[in-house]
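Consider the single chain below, provided in structure tokens and representing the form predicted alone.
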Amino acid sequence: MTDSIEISDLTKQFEKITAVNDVSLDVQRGEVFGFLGPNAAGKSTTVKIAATLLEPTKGTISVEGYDVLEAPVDVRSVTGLLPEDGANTHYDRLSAYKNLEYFGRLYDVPEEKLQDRIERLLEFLELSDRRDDSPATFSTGLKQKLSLARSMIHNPRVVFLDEPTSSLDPIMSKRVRDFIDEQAEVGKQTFFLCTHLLSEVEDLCDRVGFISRGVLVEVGRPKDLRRKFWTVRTYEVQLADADLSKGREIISSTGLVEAARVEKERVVFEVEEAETKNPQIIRALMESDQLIVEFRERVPDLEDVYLKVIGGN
């Protein structure tokens, strides 16, 4: 798979403040990449440099092979951007339809394709009945949907989305996530997603990067990061025997676990090297005539990873 975004030794300073500090990162074509971190971590600054809205102090970014400093016009032609303040970037004297038409023509979308593309985006984002209205009359959520449509009007190869589902209701947020997933898989579009909604990232992103105080702290697939930061893993066992203390005693007596307890009609235990030790624990239960109804891992979610990675930074 080819790299769609290449960030190398990127630094951005604003007088005495270093907003982005020596960040290097590659994003592959067709990947949905989540960029996570607290406020003022450097997420939006990185996106603005990649979208040619800011110049780096040091380092480079290339998008689809185009350098943001050497070929900014080419970068803009292959990228779409939903900025952090996207809900306030429309022309109020134009209708919703005319806004999309205007931006489509700026991107040289052929007339025979432009009208159809506008209609499809308005329908998908449930804006068709407001097509002739000025964005000045829109709620924040409607403005956000129009901004999302604008970022996609020219069918860009790379889309930078800064908080794309903010102000959207849960149903529309789900539709947007499904749309991004489909465009990445079928259309091979690349999405670079900044968000605070960790459940959204967990559901959508192939990989994530954590940035704090301008420094890229960790990059990886969510499941790989969970494994990295949790060498001690937690499992729960539901047994047919109503006296769960027996099961807890059996598990503890193996000497293989860090801790074992009874919790909500299950025996919960923590173990290192689970792949080798769990079969022995299960065997000990079965040899003691304990019938196992269910056995599963309590998997930490991305919020747990976020707190562990960012908490100390």
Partner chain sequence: MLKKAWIMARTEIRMVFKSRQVKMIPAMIVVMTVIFGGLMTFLTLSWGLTDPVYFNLMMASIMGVVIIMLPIMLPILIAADSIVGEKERHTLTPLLATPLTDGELLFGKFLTALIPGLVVAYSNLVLAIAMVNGLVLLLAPPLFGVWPDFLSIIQAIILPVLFSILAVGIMVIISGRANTVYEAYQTGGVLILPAMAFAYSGFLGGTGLNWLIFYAGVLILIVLDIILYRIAVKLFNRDALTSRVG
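Positions refer to the first chain, counted from 1. Fair warning: this is a prediction, and the values are worked out from it, not measured in the lab.
Another form, the form predicted in complex with the partner chain, is not on view; read the next lines as being about it.
Exactly one listed residue, out of 73, 171, 136, 240, brings a non-hydrogen atom to within 4.5 Å of the partner chain in the predicted complex: 73.
Think of it this way: in the predicted complex, the partner chain has a heavy atom of just one of 113, 93, 228, 221 within 4.5 Å, and the residue is 93. Annotation: in the predicted complex, residues 14, 84 and 105 each come within 4.5 Å of the partner chain through at least one heavy atom. Between 230 to 238, 199 to 207, 97 to 105, 183 to 191, the stretch whose residues reach within 4.5 angstroms of the partner chain in the predicted complex through a non-hydrogen atom is 97 to 105.
The partner chain in the predicted complex is approached by residue 52, whose closest heavy atom lies within 4.5 angstroms of it. By the criterion of a heavy atom within 4.5 Å, residue 77 is counted among the residues contacting the partner chain in the predicted complex. Mapping the unseen interface onto this chain, residue 48 counts among the residues with a heavy atom inside 4.5 Å of the partner chain in the predicted complex. In the predicted complex, at least one heavy atom of residue 89 sits within 4.5 Å of a heavy atom of the partner chain.
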